[in-house]
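First, one chain by itself in structure tokens, the form predicted alone.
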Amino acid sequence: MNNTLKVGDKASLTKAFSEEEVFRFAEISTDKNPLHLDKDFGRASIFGRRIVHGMLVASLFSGLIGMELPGEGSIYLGQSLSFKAPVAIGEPVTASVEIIHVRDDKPIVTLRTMCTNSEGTVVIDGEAVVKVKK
């Protein structure tokens, strides 16, 4: 077990998703919901604008976990997600992960995963369970 990982360790990154990235994600994921792609549809929606796919925003956790905390070689075992608020195209969001539990018997950690917008509103909340590289 990696003894350097401890409860309270954190990592974060901030990103704004461009229109091009949203369109590319729609192609890759096959989620072509007009809420993400059509300006008129977005304007008429309950959000009043197009929004970024929730799963695209949540994908920031994968980068943090695989590259920052716990880091390279980490393997996702599970992820819960709760989508709390929409993210507009071009709106900066900060994704963060924080270790909330380290198992003593296996190289497995649990992290709180959260995204907030520039106003501090939580847009995604969840937990990830990750096997760490020995």
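We number the residues from 1 along the sequence you see. Values in this document were obtained by computation on a predicted structure and should not be read as measured data.
Same protein, other form: the form predicted together with a further copy of the same chain, not shown, and the subject of what follows.
Looking at residue 59, you'd find a heavy atom of it within 4.5 angstroms of a further copy of the same chain in the model of the complex. Not displayed here, a further copy of the same chain is kept clear of residue 100 by more than 4.5 Å at the level of heavy atoms in the model of the complex.
Although the partner is absent here, residue 15 lies within 4.5 Å of a further copy of the same chain in the model of the complex, judged by heavy atoms. Residue contact check for residue 21: one or more of its heavy atoms lie within 4.5 Å of a further copy of the same chain in the model of the complex.
Using a 4.5 Å heavy atom cutoff, 28, 33 and 79 all lie near a further copy of the same chain in the model of the complex.
Along 100-130, a non-hydrogen atom within 4.5 Å of a further copy of the same chain in the model of the complex is carried by no residue at all.
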